[in-house]
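Just one chain follows, in the form predicted on its own, and it is written as structure tokens.
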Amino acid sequence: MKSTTERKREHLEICLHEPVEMERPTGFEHYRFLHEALPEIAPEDVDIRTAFLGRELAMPFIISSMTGGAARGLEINRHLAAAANALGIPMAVGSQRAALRHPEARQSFGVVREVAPDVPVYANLGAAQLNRGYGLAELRQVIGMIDADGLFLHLNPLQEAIQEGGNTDYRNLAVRIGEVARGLGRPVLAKEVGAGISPRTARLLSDSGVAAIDVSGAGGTSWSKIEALRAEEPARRQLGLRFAEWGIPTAQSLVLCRAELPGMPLIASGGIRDGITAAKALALGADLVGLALPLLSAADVSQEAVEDVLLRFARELRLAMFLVGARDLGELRRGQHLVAELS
């Protein structure tokens, strides 16, 4: 079996160079904004500042988890983190499991806090590792590695089931997540990796004490497809491709989770590729919008390239808000600005 570092390197190369997105849509295409010909505001009145877990942010975006310890990830993380700091938004790193096993991989994570001292930074580890002997000691290591403001525990049962040697023991995991949430001393957040969060899972996570949930729905990157592209066994590749479109579409997951948990901070990610779709996600109840794949190629180039993508999203979000007459994100969420087109 390949090492964790080698696997992460392959993940990165595949995401950069192969078609890894789902063919199915995110569900946001079923919603349309009601255009207001008399918005009663000017574009300069639109304010997209927000707060998340007690921190003020300049924009309602978060750079979602991507790289996980591969050597190439150092410069990618540097560019992502520097852009996050310059624009006043948070960043979550990729899985730090490789850095726990291979100290040489820690540099690609440590650089994040070096260049992003002013914004929230979140650590990341697979929740299934809690059934593999990992506990508070290991989680505090990943927190300390980047002086993180909190920890994402990612849930990826589909990916693990396709991956050779994947961790598929999810028994009693909600209990262990609860133990971590109570004992870590930093906010614990939970996220899927592209198959969505159901209302049942959202309730389990809420009852376990997580501080926020990233629904990370279907319609964007397919980790089943990525593992299929990595697979050496034909049967495993076939299985990965069979489940490449599996999951709850992002919009549906968001709406269901918001209805189940009206007060829970929610992040919408999974296939959001422009600021208009981001505006729809925010109008449907998301607190933040997570971006990963749209930033990856830019991050392989420079900090400025990452900033260009994020600023494009911000311009499109602001214009959408102006055209529906929403001065701020509160008005965008409270107003009846979206029409569902479900036929």
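In case it trips you up, residue 1 is the first one in the sequence shown, and so on. Given the structure is predicted, the values throughout are model-derived calculations rather than measurements.
Absent from the display: the form predicted in complex with a small molecule. The rest refers to it.
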In the predicted complex, which of the listed residues (Gly220, Pro90, Gly73, Gly196) lies with a heavy atom within 4.5 Å of the small molecule?
Gly220
If the cut-off is 4.5 angstroms on heavy atoms, which of these, Leu310, Leu296, Ile48, Leu284, is the one near the small molecule in the predicted complex?
Leu296
Within 4.5 Å of the small molecule in the predicted complex, heavy atom basis, the matching stretch of 173 to 181, 220 to 228, 233 to 241, 135 to 143 is 220 to 228
Taking heavy atoms only, is Ser95 within 4.5 angstroms of the small molecule in the predicted complex?
yes
In the predicted complex, does Leu288 have a heavy atom within 4.5 Å of the small molecule?
no
I'd like to know whether Ser65 contacts the small molecule in the predicted complex, with contact meaning heavy atoms within 4.5 angstroms.
yes
Whether Leu323 contacts the small molecule in the predicted complex should be assessed with a 4.5 Å heavy atom distance threshold; does it?
no
